[in-house]
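A single chain, nothing else alongside it, follows as structure tokens in the form predicted alone.
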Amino acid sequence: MAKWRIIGVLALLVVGAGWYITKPAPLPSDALDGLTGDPARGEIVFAAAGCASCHTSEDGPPTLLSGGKTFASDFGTFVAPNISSDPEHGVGAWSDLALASAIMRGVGENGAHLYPAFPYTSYNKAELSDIVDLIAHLRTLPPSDQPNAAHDLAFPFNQRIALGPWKFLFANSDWVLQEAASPELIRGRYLVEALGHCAECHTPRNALGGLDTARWMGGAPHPSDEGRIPNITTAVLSWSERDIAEYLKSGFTPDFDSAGGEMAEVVKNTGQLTDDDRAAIAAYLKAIPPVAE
């Protein structure tokens, strides 16, 4: 009997330790001390982070973040929430700290884990000052009273408790491109791996939904099962850095084709960046290892 008691105690300790390690971890209460948001700078962060691409309705203006877009996945359908300044249906009543914790840690105002359909696994590499600027800009945008819709997820994916272990496995803040030898590459890495969260679409995932960093930017099946998101490493993408930068500005390819689908939305965002930022993104894409088809 004593043996089984010991086993039971050990099992409880393991469960307790697992819960402690994987419980929601918002930012520390003093994380934003000394930081003041600049809405003008935040507008550029807003564009680089692609907020409007997910959080506006299909036919709504890019400043009305009413949510409602749906995103199919192997785990079910996610619905983008209202993140407008509306205090009831949006995030207008959230504190800056709560918003920053959601963006960088994937923790909601109620203290629960958020689903990684929201790319906090990329935003966790962002500078806090950029996030504070982003929040200041969000507060200048109009409110929307559109209620939020629930995600459509089957069991067990509708159980948020499982997100703690998932974060423990996959939500790290390490750079994939470890060596960035120039300020341009450092900036490009930041725009691609952090704010732009490009890998969320262009990198394949494992069975648990974590990014397969060994095939970074090597293309992935489209979540809707319609076609494939392209490989944008040098194994396939032969465009020059100038070609890439121009595409991110105008949407035109070297073959005089134009961006369509989700990339048309991305170009709306990258077109608002500076020429230097687009050149930095292009330099980064040329610097990452090629991934064979």
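These numbers come from a predicted model, not from an experiment. Throughout, we count residues from 1 along the sequence that is shown.
Absent from the display: the form predicted together with heme C (HEC). The rest refers to it.
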*in the model of the complex, which of 167-175, 206-214, 193-201, 139-147 comes within 4.5 Å of heme C (HEC) (heavy atoms)?*
193-201
*Taking heavy atoms and a 4.5 Å cut-off, does Glu262 contact heme C (HEC) in the model of the complex?*
yes
_heme C (HEC) contact at Leu285 in the model of the complex, heavy atom, 4.5 Å_ = yes
_Is it the case that Pro230, even though its partner is missing from this view, gets within 4.5 Å of heme C (HEC) in the model of the complex, heavy atoms only?_
yes
*Is there a heavy atom of Leu99 lying 4.5 Å or less from a heavy atom of heme C (HEC) in the model of the complex?*
yes
_Non-hydrogen atom within 4.5 angstroms of heme C (HEC) in the model of the complex for each of Ile103, Leu114 and Leu237_ = yes
*asked:* Exactly one residue in Leu64, Cys51, Ile44, Leu27 has a non-hydrogen atom within 4.5 Å of heme C (HEC) in the model of the complex; which is it?
replied: Cys51
_Neighbours of heme C (HEC) in the model of the complex among 253-288 [non-hydrogen atom within 4.5 angstroms]_ = Phe256, Asp257, Ser258, Ala259, Gly260, Glu262, Met263, Val266, Thr270, Ile281, Leu285
